[in-house]
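Shown below, as C-alpha cells, is a lone chain in the form predicted on its own; questions about how it binds or moves come after it.
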C-alpha cells in the first residue's frame, strides 16, 4: 500500500482490486502498486475517470441527504469499498447523530480499513460479506445490532451492480433485499452504461477484465429493471450529474456515462392511510 502497514489476510495483491482502484482515483492511500498501475491505464482510456468517480461520490452524498430529509435514519451500503471523506455515516450523522450505517464489502482491505476508521463510532459498523447473499447480510449480528428491518432503510448500490454478470441476476438480488425491507425504504443505484460513449465504455470494460471484479455496462432499460418494486423519485433514472445537482446542471452530462436514480418502496396495496387532520 502507499502507506505502511501489513496486508490484511485474504487480500489479493497480484491483481487490481476494484475497491482499491476506486480509492486511488479518489486520491486515497489504501491501494497497491498493481492498483495504481491499473488506475493510470484507466485514465489513459478514459481521461475523465477521476471526474467520474468524484461525481459518483457526489451523487452518493446527494442521495443520502435526500433520504435523511425524507426521514431515513438507517442505511446499508453494499459493496461499500474503502471509506473516504464524506462517507455515508459522516453525511447521515451530521444531520442526525443517531443515524446508523452498516457497510458491506468482501474486499479484506476495504473491511480492515473500515473497521479502523469506525472505531469509537457506535452507530456504524462494517461486515465482510458478499452482497450476493442477502440472507447472510440481513441476518448478520452486527447488522441486526444497528438496523431495525421493521423500519425504513436506505439501501445503497452505488457503482457496484455493474460488477455482477447477468448470471448473478442483479435485479433478483435487489429484489431479495427489497422483500425484507419495510415500506418507505429507499434504494439508490448508480450503474455504468455504454449508451452515451460506446467506444470509451468498451475500452474500459476490456481493461476491467484484468481486475478481481470484471465489469459490464447495461442499457437504461436494463438498469431501470433493477428498480422493480420501487417507485422512482423525481427526476427518475437519469445520467448521474442530472440527479438533483447541487448547482447548475453540467453542460455535457454524457461525459459521465452512468445512470443513477433513487426509488422508494411503496406501502402494500390496500393499506389504510391515516386521514389528514
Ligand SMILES: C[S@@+](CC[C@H](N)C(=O)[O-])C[C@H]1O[C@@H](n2cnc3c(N)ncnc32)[C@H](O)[C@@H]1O
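Worth saying up front: this structure is predicted, and the values here are computed from it rather than measured. Positions refer to the first chain, counted from 1.
The next section is about a form of this same protein that is not shown, the form predicted in complex with the named molecule.
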**Prompt:** Does the named molecule come within 4.5 Å of a heavy atom in each of 57, 132 and 158 in the predicted complex?
**Reply:** yes
**Request:** With the named molecule left out of view, choose which of 80, 114, 74, 188 has a non-hydrogen atom within 4.5 angstroms of it in the predicted complex.
**Result:** 80
**Asked** Would residue 262 sit within 4.5 Å of the named molecule in the predicted complex, counting heavy atoms only?
**Response** no
**Message:** Even though the partner isn't displayed, in the predicted complex is residue 163 close enough to the named molecule, meaning a heavy atom within 4.5 Å?
**Reply:** yes
**Request:** Would you check, heavy atoms only and a 4.5 Å threshold, whether residue 48 touches the named molecule in the predicted complex?
**Result:** no
**Asked** Looking in the predicted complex, any heavy atom of residue 257 within 4.5 Å of the named molecule?
**Response** no
**Region of this chain that lies against the named molecule in the predicted complex, out of 89 to 97, 198 to 206, 102 to 110, 179 to 187 [heavy atom, 4.5 Å]** = 102 to 110
